[in-house]
Structure formats: C-alpha cells, structure tokens
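Let's start with one chain on its own, the form predicted alone, as structure tokens.
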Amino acid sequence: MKIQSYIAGQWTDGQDQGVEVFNAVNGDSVGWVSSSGIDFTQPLAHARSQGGPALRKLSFHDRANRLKALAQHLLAKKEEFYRISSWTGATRIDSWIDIEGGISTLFTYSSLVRRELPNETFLVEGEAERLSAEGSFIGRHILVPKEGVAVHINAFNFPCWGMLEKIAPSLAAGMPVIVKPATVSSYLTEAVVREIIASGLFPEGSIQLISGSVGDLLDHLNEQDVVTFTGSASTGQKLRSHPNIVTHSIPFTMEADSLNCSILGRQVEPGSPEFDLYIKEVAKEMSVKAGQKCTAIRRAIVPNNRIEAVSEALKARLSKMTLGDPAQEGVRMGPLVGRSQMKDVWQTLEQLKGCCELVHGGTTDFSIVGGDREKGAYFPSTLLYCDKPLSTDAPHSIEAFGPVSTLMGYTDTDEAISIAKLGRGSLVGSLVTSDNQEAKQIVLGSAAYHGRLLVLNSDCAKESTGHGSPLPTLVHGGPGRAGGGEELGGIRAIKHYMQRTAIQGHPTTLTAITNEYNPGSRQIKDPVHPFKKHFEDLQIGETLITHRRTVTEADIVNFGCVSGDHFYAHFDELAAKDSLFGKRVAHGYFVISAAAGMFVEPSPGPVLANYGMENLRFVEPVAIGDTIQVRLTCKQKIKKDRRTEEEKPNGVVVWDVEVINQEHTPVAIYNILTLVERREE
C-alpha cells in the first residue's frame, strides 16, 4: 500500500517505492511512503492562487463555523482513526489524547474565534493612538492574513493532534496549510486528511499533505510564508538556518523536545496526597505514548532525603506497568513507534548509564503481553539516578525519547531551581507542593527557563490536566533548547499567521477602513433614534446627543436607598470635605444609570437586550448641581450567527458612550453592547 500525498486537488503517489513503514506492535508492513517526483512549486502555487484567496474572503466567524463542522465530522470517524492509531503502538488512552485531543483543539478555536474576534476578514487591535495636538491625525493597528502558505512539519509522536493543533489557528487566521507529518506514522495523518478533504468544508487549496520528504519545498518559500516545526532540536536548528528562510526572514516557529523536569516540594512527606500525586505523575509521563512526548518528564528532581522513598515508590508503580500489544486486556504501555526509534533509545540510554545508576528497567530482560518481541518496537520503562546533578551534564543535555526518566536530588529550594535551569530551556516544568510560598519561589525563580509551569497539589488534582497536556488556550512552547516558539496560546496563535500593520490618517478615514468608530471621526446625525433601527440600518459613526440633566441631592439619596450604597463620599458632608473630592459627589453608578435613562428609547423596537458593558472609567466626579449630557455613537457592528431556527437574526452593536458635564469635560467613558435584530435571514 502506498501512503499518498494530497497535492493541488489530487491524491498522488511518489514515483519510487520510497520508505517502508511498519506496525509497531507486530512488525507487519503498513505501506510505503514516498514524495519523489513531486514538483514542490505546485502545492505552493495552488495554495497561493486557490486556497489563500478563498479563505481570505471568509470572515473569522465563517472560518470558525467550518472548524466546528470539521471537528464534528472527524469525531464521527474517530473509531477508524483509533484502529489505525493502534499500529503506532498507542494504547486507547494514548490514541484518545492524540485523536480526540486534536479534534477538541478545533472545537476550542472555533469557540475562541466566535467569542473574541469580529465577524470580519481582518482584525483591529488595541485602541486609537492620538498622534497630533488637535486629534486630526491618529493611528491604529490592524491585522490581516498573510498571503502565503503555512508549512507545518510535524513529529511522529502525535500524528493527529500535532497536525490539528497547528492547522486550527492557521485556518482561523485565513492562511492555507501544507502538512508534512513524520514518515513513520504518516499513515494515520493521511487517514485524517482524507476525511478533512472528503468533508468539503474548506475551500480547495486550503489543506494539502506531503507524505515523505519535503524535497526542495523550503527553497521556494517567500516572505509571506510561515514555517512551524515540531521535533528534535538538532533537526529544527538545521531547518531554521535554511538559507532561503534566513534570506527572506520567513517566520519559523520551533517546538523541540526538551529535558522537562518535575520537582517534589521539600515539605512533602511519603504517604501524603502530594507524594502520591508526584509518583503518579512521573510514572504517567513515562508510560503515556511510551514516553514519546515532547512534554514528558525526563528529570525528576526531589529532596535528597526523599530519594529512597521516591525511588521505591516509582519502582513499585512501574513494575505494574504491563507492556505489550495495546489491543490486549490489561496492557498499559505499548511499543515505541518503530524499531529505528527503539534503537535510538537504547543507544541514548547507554550514554546516560555512563554517568547515572540504573534503578529500574533498562535491560533486554523484560516480558511483553501479546505482540511480537522480535519484530515489534518494545522498550521497558526505565528509571535512572544521578547523584551529582549539579556537576553532571548528561541528564540535562541527552534525551532518551522513550519511557526513560532520571531521578536527581537537591538540598534546598535554590538548588532545585538551579537544577531545573540546567535543562537550558523546557516546554514544561511541574512542581508538586502544598506550600504556596515554596511554589511562588520556584515558579518565579525558574519561569524564565520554561514555557509552561504546572503547580500540582491535592486542591487542584481532581481537575488538573496534568504535567504533559498542552491546552489550546495556553502557550505551548518554550525558550532555549525547547525552540523559542509559542504554539497555541489562544488568539495569540491566530495572530502568528497574520501581519500586524500600523495605519495612520484622519479619524474619519480610519473609521472607513476599520469599520470601527474612532474619536474625532465625523459623526452622523439622524432624527430617527438609533435604537429604532435594525442592525443593517445603523451606520458606524451614527451619533445621538441627548438632553441635559442636573444632578440633585434627591438623586443621590434615592440611588443610595435603592442600591444600598451609603459610602461616606455620597452622604457624609464632613467626611466628604476631607476626601479627595472636597465635597459630596454622586455615585459613579448613578451617573451611568442616569446616562442610560437619557439615551434609551423606551418603546419596543429592534433592540433586543443589553449585552454588556466594557472599559468603564469614571474620569471626573459629579457633584450636586452639576449638569450631565451624553453622546452615544455606533462604534462597531458584529453580525452573529443564529443558534436555532427559532432565534431572531441579530447582531451585537458596540456603542461608544461619553458622559460630559456643564463644562464639556468627560465624567465617564465606556462602551455598551446591545443585541439588535437583523432583518435578513
């Protein structure tokens, strides 16, 4: 069987037989992988001419809805993915992380985009910057999709999640992708991509697949393209320094395998909940995916007086870790992804044994349940001990990418931090402690060397996702050896595939460009109250200037009685004189309540509900006898999708509100959001 590539709308084989890939459980042949004969200018041209323009025509919300539909489609096909995933040596739990974890990333990004980004093809970032004395010259920042291709080069250990966690933010940003999975597990990625293409949810050219070598693909990239890489640090450095990537300053994000650590707190006693959590977490990270995780715990850093207790507890737990065919009942750890990987881990282990003591495993004398020991890629869980971690470099620089971890001791908190830093940059570190001050010291002392830090104790253990689980809403990456990149991270990841541009001009001009009202922009006056208009009829910049209202003592007293707020500055004449106000003032919330009464049109109309308030600032106090007036301006319109057939079509309108006093000085500024009915279906 040939593992195919999907290029320019066609599934294609390589011209030669290529590389044979095998079932990690029994050594059976899965197929042949080759990309020979592919003209690598073709997928780039197809993405740039077809996929990119089509994606950029879609709004953020359109793309998000397609991500959600794609997630639902893939979820319906998951059992076939599980079947194929078992060939990689993955247990059901391993496959769940890879398959359903990857699909959940699509759901997460769909939700994030629809909740946090406008229903536009571009993004306006931050507030307007006033650049001149009179306010006729201002600046804004906008983000637009890059007009190139996102090339995603992935490692073997997560053939589903590794792809989906990268394409979700890329497609959400409006950038087409070319996926290059690791050859040894590319057959699972191919199966998922076949379903993505079959779904027809994204425009042709949005997603392409290269099974096998990327050939001279990198030679043909340009300044609008982006490359992401997950894998070994050595391979990543070679790709990052590719002459064409350097010449064209092509963004290159690298997420490399690192020597991640987990620290046991000094006060944690054997038999305590935190001690048991630590043992469970280290053992789990050694066995999930057979330790083939870029986030796995490679260094277990524990107090010197706990070395023996931790060692015995880990040996006991690892001894119960049944190794074998994941299809067999009771098997908790499968083989490595392939025999070449198995050989690499054995070789690396020999290097570590030169300076570390073998505590558990690490020999060929182990048994398996099911599978084929001679043709499969089995490796036993292995624990080492380093007695001089501050003067021995090997466990901080050599990684056995399998079920291997090294135990090392420390004397005090500062020493634990120093040992953690010896990894020279990690994707993730964890700390198990119930001492919050210890947690603070270790987190602040080691954060500069980590992309993510988990503090685990019995308070959060029940809901914690654990040391090794990156989450779409948080940064996944790390400094130094870990690559210096930041994948995922919520909206941050989407912005990576967009160009941030500063635009300058007159407020009215920038309002026309951004579809967002800017201070100083021309205001549109209409005798029809804006709350009587449907969503489509409202214009950005449409403004209502209200009547005036003089604030009285009765207003303050009545509001205090209704709200229960009898703060001294509103009611105590003597105390108010000594306050920063120098006199009694109205409640801030009375001011915005009164403002609402001034700009609201009370009769039934297209406004369905108050949707919220943002960015409220009380600028100046309002005293008894002051007169206030309100300016209400349509700032932004966000079309919303209908959730049900019964729901009225609607959109969110953001209103810029400014309350001024009799001297035309702002006393309160904020945004309100209203849900407004649309006529269209």
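Everything numeric in this text was worked out from a predicted model, so none of it was measured. Quick note: we count residues from 1 along the sequence shown, nothing fancier.
Below, we turn to the form predicted in complex with another copy of the chain, even though it does not appear here.
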Using a 4.5 Å heavy atom cut-off, which stretch among 283-291, 233-241, 82-90, 208-216 contacts another copy of the chain in the predicted bound form? 233-241
Would you check whether another copy of the chain, in the predicted bound form, lies within 4.5 angstroms of a non-hydrogen atom from each of P43, G371 and Y378? no
In the predicted bound form, the residue from Q539, S367, Q267, S603 that sits within 4.5 Å of another copy of the chain by heavy atoms: S603
Residue (of I524, A512, A309, I398) lying close to another copy of the chain in the predicted bound form, criterion heavy atoms within 4.5 Å: A512
Contact test in the predicted bound form: E125 vs another copy of the chain, heavy atoms, 4.5 Å: yes
Hey, in the predicted bound form, is G330 touching another copy of the chain, heavy atoms inside 4.5 Å? no
Considering only heavy atoms, tell me if D387 and another copy of the chain come within 4.5 Å of each other in the predicted bound form. no
Is there a heavy atom of I672 lying 4.5 Å or less from a heavy atom of another copy of the chain in the predicted bound form? yes
Any residue of 440-464 that, in the predicted bound form, places a heavy atom within 4.5 Å of another copy of the chain: K440, V443, L444, G445, A447, A448, Y449, H450, G451, R452, L453, L454, V455, N457, D459, C460, E463, S464
